[in-house]
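Single chain ahead, written as structure tokens, the form predicted on its own.
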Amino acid sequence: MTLQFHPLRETFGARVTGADLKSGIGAAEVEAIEQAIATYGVLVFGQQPIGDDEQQAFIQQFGPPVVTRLKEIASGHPHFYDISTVDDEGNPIPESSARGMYLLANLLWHTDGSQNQPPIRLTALHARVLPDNPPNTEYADMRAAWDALPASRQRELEGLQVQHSILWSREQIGMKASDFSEETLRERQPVVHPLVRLNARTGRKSLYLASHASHIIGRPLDEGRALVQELMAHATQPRFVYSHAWQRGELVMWDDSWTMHRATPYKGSQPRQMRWCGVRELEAV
């Protein structure tokens, strides 16, 4: 199997050809993908007719799979969950329901798992069922956003620490602490991550942001939140964003350490079902 990577933008996003994830990949392909995702951030594998076992076999070669702690899907895999407009019985998910509100938060710019410690490193999303006109997913290049900052601004930001919290991100779409179980509140305490991360493979720096990013440690709450929002707005300018138009059977993989992403609104009646999985960092950041 010979993988090739075709840039979608000059330095961000690439389409992968030569991949057959149904047959599986070996060590050489894993290393090629690792290098490519460190280079491009987002990789698009076109037309991959895989099931749960193949998706599991693929993702687990890149690190410890994330246990979602949500209801397992029918196949019994605890490392998946569905980003879907319908429930397990095919009924539309009301936006006002707990699951609907939780999924609504995907419309916010976010980084998967930044509210965890250690956080999520890589995410893979497989398009199982798509409507005729599926909504795009947008990806922001936080490495380019960092590079675009003046050197004086970069010096001000390096060394800052940010608190990330699932409650803060969900508060932004109208949820309250009372909407979560006591177990969830106990297990998903706020965590702290650096505002600026260094990619060990490429040696390049990036911002590390998300809708989960609440405030700057050691600064007044309002001031810290204002800085986070300022940097979020900077990092999501159109010049830093790739908008992916989905096709059935595609698998898109991205590096959560230096990208953000968000869903775009969809109100159609045709179902949309994307199967999510990810792997976590080996150590805290």
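The first residue of the shown sequence is 1; numbering continues from there. None of the values given here were measured: they were computed from a predicted structure.
Beyond what is shown, the protein has a form predicted in complex with a small molecule; the following relates to that form.
Quick check on this chain: which one of 163, 116, 169, 106 has a heavy atom within 4.5 Å of the small molecule in the predicted bound form?
The residue from 163, 116, 169, 106 that makes the contact is 106.
Can you check 254 to 262, 218 to 226, 52 to 60, 39 to 47 and let me know which stretch has heavy atoms within 4.5 Å of the small molecule in the predicted bound form?
Stretch 254 to 262 is the one.
Heavy atom of residue 112 within 4.5 Å of the small molecule in the predicted bound form:
It does: once the small molecule is placed as it appears in the predicted bound form, residue 112 has a heavy atom within 4.5 Å of it.
Check whether residue 83 has any heavy atom within 4.5 Å of a heavy atom of the small molecule in the predicted bound form, and answer yes or no.
Yes, residue 83 sits close enough to the small molecule in the predicted bound form that at least one of its heavy atoms falls within 4.5 Å.
Can any non-hydrogen atom of residue 175 be found within 4.5 angstroms of the small molecule in the predicted bound form?
Residue-level check for residue 175: no, no contact with the small molecule.
At the 4.5 Å heavy atom threshold, is residue 137 in contact with the small molecule in the predicted bound form?
Residue-level check for residue 137: yes, a contact with the small molecule.
Tell me whether 143, 146 and 231, taken together, all sit within 4.5 Å of the small molecule in the predicted bound form, counting heavy atoms only.
Checked in the predicted bound form: no contact with the small molecule for any of the three.
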